[in-house]
Structure formats: structure tokens, C-alpha cells
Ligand SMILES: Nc1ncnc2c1ncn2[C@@H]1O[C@H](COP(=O)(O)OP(=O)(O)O)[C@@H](O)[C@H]1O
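As a starting point, one isolated chain is supplied in C-alpha cells, in the form predicted on its own.
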């Protein structure tokens, strides 16, 4: 029997808690039945335009991402076909030759700040979760992540947040809150929402057996 794929979109501003939620949800589900697709894998090649840390390349604008490919691959998973997820190298700002193979699974989580913006992607989601987190907390989390995980300097992260992240959030991310089935607005809502979706996803997995 072909796996019935349910795709859950998890969006919100950078540093909102969406990725933590996606990873904790996936960790509580059987690995063979759940996988996460990250928006960050779908950046277009920026190597020719990248100037310096916190510079002119706007990674928070929808045009920086290959949403045509993401939409095509989500459609393929829904139809029962495997996909090859691209890999973006943040050190060189290129898409590398290797890919991540993914076969259809009962639960596919898609994580990203802008995934609710393009209708061609949004229409593939069976459920949409949005994390509405205060800006000071989002900035602090992004600062710590980019310095620790991506080798960024604090000054570059701050400049990028002020020039690009905040304006793009206000223009393209926050307005997509209206599409969500579930909005997590307070820190104390995180755990209840997580437990609800664990139960929901386990029920979906069971229905596939």
C-alpha cells in the first residue's frame, strides 16, 4: 500500500522556536515514518553576489530561495515518489553536488521562515503551524545560532538583522500568520502544542499501517 503523506508546515520568524519544535516533534516520532525538510536547503547560489558578513545579499527575501523546486518536490512526495533534497553550503554560498535522498513518509515536516509565503508551496501543507515570538527573543536566538553554528561575527549578524531580517519579517513572514491552523504565541504554549501534534501525528502514522 502506498504511504499516505501528510505534510506539516512549521513557520515563523528566524529564532521563533519553529526549528526546535520541528526537531523535538520528529524526535518523538518513529524515524521510519517522519522526516524534516528545511527551507535553508533551497537557497539559490549566492556565491557571485556575496560580499561580506551582514552585507548586501538578502537571505530573508523570498527571491533568495528556490521555491519552484520545493513545491515540485513536495508534490512528488505526495504522489509517492522519492526526491533528492539539495544541500546549500553556507561557507561558500553554493549548492553542492551531493543531495539528501528522501522517500515518501507518513509525516513530512517542512521548516522555514518563508514557506507560507508562496502559494505554490503553501498549498501542499495539510497543517500549518506558526510561531509568533517577540522580536528581542528572536534576535538573541539568531545571534547565538549564527555565531555558534555558522561562524558569523556578532556585528555582521546585528547588521543583517536590522537591514534585512526585521524588514523582511515584517513584510513577508508575519503576514503569513493568517494561514496557520495553529499559532504558538507564548513560551508556555510550546509544550502543549508539541504534545498535541505528537498525538496527532502518531494517529496519522497508525492509520497508514
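Given the structure is predicted, the values throughout are model-derived calculations rather than measurements. Residue numbers count along the first chain shown, from 1. Rigid core: the largest C-alpha set superposing within 1.5 Å between the two forms.
Heads up, the form predicted together with the named molecule isn't pictured, but that's what we're talking about next.
> Does residue 148 make contact with the named molecule in the model of the complex, using a 4.5 Å heavy atom cut-off?
Residue 148: yes, in contact with the named molecule in the model of the complex.
> Wondering, does residue 152 line up within 4.5 Å of the named molecule in the model of the complex on heavy atoms?
Close contact is absent here: in the model of the complex, residue 152 is far from the named molecule, nothing within 4.5 Å, heavy atoms only.
> Do residue 20 and the named molecule come within 4.5 Å of each other in the model of the complex, heavy atoms counted?
Residue 20 belongs to the contact set for the named molecule.
> Answer with yes or no whether residue 13 is in contact with the named molecule in the model of the complex, where contact means some heavy atom within 4.5 Å.
Residue-level check for residue 13: yes, a contact with the named molecule.
> Counting only heavy atoms and a 4.5 Å cut-off, does the named molecule in the model of the complex sit next to every one of 141, 187 and 190?
Every listed residue reaches the named molecule in the model of the complex, so yes.
> Once you line up the core, how about residue 63: does its CA shift reach 2 Å between this form and the one not shown?
No, the C-alpha moves less than 2 Å.
> If I superpose the two forms on their rigid core, does the C-alpha of residue 31 end up displaced by 2 Å or more between this form and the one not shown?
Superposed on the core, residue 31 moves its C-alpha less than 2 Å between this form and the one not shown.
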